[in-house]
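In structure tokens, the next block holds one chain alone, the form predicted alone.
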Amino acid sequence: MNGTPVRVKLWDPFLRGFHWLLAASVIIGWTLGQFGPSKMTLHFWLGYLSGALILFRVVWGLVGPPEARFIHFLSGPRAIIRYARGMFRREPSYWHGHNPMGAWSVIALLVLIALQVASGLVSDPDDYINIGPLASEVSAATRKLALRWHHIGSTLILIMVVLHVGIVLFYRYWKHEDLIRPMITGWKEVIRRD
């Protein structure tokens, strides 16, 4: 790794708050969806919160501080391939923000959660209790498709969350790079790649 790592203020408080609130709302909402009571009121409210957080992140990704903007951290295929070649080295990457692979996984997770929220809004499980608030605005075929997606989406989100946690642990124990503390404090050691 060329250069000396420097400690920089990277993640702003709004982005860090978004991250932890979204993590909590998705994990609790998923758990309630799988094992919760027959009346899913809290699951619905957590879905609304997740939707609001996704909207916030889209806006913040366009007008927030440079490190929060999508244009700042999204890379093309060459950068992804270049990063992937050195990913298994037993040394910190000191990447300024999300690495190229991590950035695209963030986008994938945000899209999955947005689709999950949208499908929940129009789902109708035929139980006469847990009907999405916009279900009456779409056709029966759309309600069934949304319900099917909502079940598939919950599995995909679980897979993405497990991968996310697994990668954070991989970085911590294999690469000796702490990705959790920067998401709490905002400070991260990086090597400038200008």
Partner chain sequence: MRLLVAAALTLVPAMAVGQETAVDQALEARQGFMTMLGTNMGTLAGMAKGEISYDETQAVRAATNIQALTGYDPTMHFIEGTSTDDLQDRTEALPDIWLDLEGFGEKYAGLQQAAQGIPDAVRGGQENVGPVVEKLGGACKECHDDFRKK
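These numbers were taken from a predicted model, which means no experiment stands behind them. Residue numbers count along the first chain shown, from 1.
Below: the form predicted in complex with its partner chain, not depicted.
Heavy atoms within 4.5 Å of its partner chain in the predicted bound form map, among the stretches 62-70, 22-30, 37-45, 165-173, onto 37-45 alone. The closest heavy atom approach of Ile131 to its partner chain in the predicted bound form falls within 4.5 Å.
Contacts between 103-128 and its partner chain, taken as any heavy atom within 4.5 Å in the predicted bound form, involve Pro125, Asp126, Asp127, Tyr128.
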